[in-house]
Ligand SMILES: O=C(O)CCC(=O)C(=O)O
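Next up is one chain by itself, shown in structure tokens, the form predicted on its own.
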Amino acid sequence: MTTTLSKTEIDNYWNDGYLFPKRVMSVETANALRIELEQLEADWLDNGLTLPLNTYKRINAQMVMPIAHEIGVMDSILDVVEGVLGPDIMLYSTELLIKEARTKNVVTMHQDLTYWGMGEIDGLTTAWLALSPATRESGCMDFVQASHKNPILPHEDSFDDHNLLSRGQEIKVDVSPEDRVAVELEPGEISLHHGLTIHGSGPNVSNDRRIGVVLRYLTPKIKKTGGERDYAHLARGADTDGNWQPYLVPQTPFAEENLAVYTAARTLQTSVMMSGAKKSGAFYDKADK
């Protein structure tokens, strides 16, 4: 299994705004990670956490769940990311994005960088790791080819209960079915997409959970346009810029010292993410569905 990117793959990423599929682990390893994750869910669903377990899964899981951090710094994934970002890589966030079987939850078409306070940058990419089959039936992502060549487009908020995005945000542009590229992945495969690539996903009408691990990476030179010093972990290479605060790597799930930093990061990121929203409140403050 070769996880470094060829020149053709790198060119395809920059031309299309995405790349898939790329195998970064065996199916057996992906299945083992799924079992570990689902055991953690069972152990902590009703275990006295301050916030709903889903909130910790959906934002900065790498700060409080060892498995989320460990996946984020796996060499096989970083090898792929290095092909588009270069040798210095910061892990910005890990999200455990799960659509339960036979549910209506969707992700409307959007651009990631819209509300992150980083502007229109190239130095950020998202790796999406499948721990269960991501198919059209289970609600895999759809990409719009070359849409990363657009600026940040106008979005509107819905705050719909079935929308897995923080604000239910959606671009104010109709995306026709023929412009959508279905990103089907097998367990152990990843996709990459640019922070400006238009993407979304439909409901899971299959009989299995669709389990994705969403990994956001950026180069150390990137910084928040508002001057906030957000949190990120140096996953590979060197950071000579100091634009990001490091976080304490979790050794056990939901340790007190990790939860304290998690709360600080969520508070800071909420002030950026929810700026200008029609409704107030912290993002991803939702119960498990």
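Everything numeric here is computed off the predicted structure, so don't read it as measured data. One-based numbering along the sequence shown.
Quick note: we don't show the form predicted together with the ligand, though the next part is all about it.
Of the stretches 124-132, 173-181, 78-86, 144-152, only 124-132 has residues with a heavy atom within 4.5 Å of the ligand in the model of the complex. Residue in contact with the ligand in the model of the complex (any heavy atom within 4.5 Å), chosen from 73, 196, 97, 118: 97. Among residues of the shown chain, residue 93 is not one whose heavy atoms approach the ligand to within 4.5 Å in the model of the complex. Though the partner is left out of this view, residue 209 does not reach within 4.5 Å of the ligand in the model of the complex, counting heavy atoms only. Using a 4.5 angstroms limit between non-hydrogen atoms, residue 189 is distant from the ligand in the model of the complex. Put simply, residue 204 is far from the ligand in the model of the complex: not one heavy atom of it is within 4.5 Å. Residues are counted as partner-facing when one of their heavy atoms sits within 4.5 Å of the ligand in the model of the complex; in 87-113 these are 97, 99, 107, 110, 112, in sequence order.
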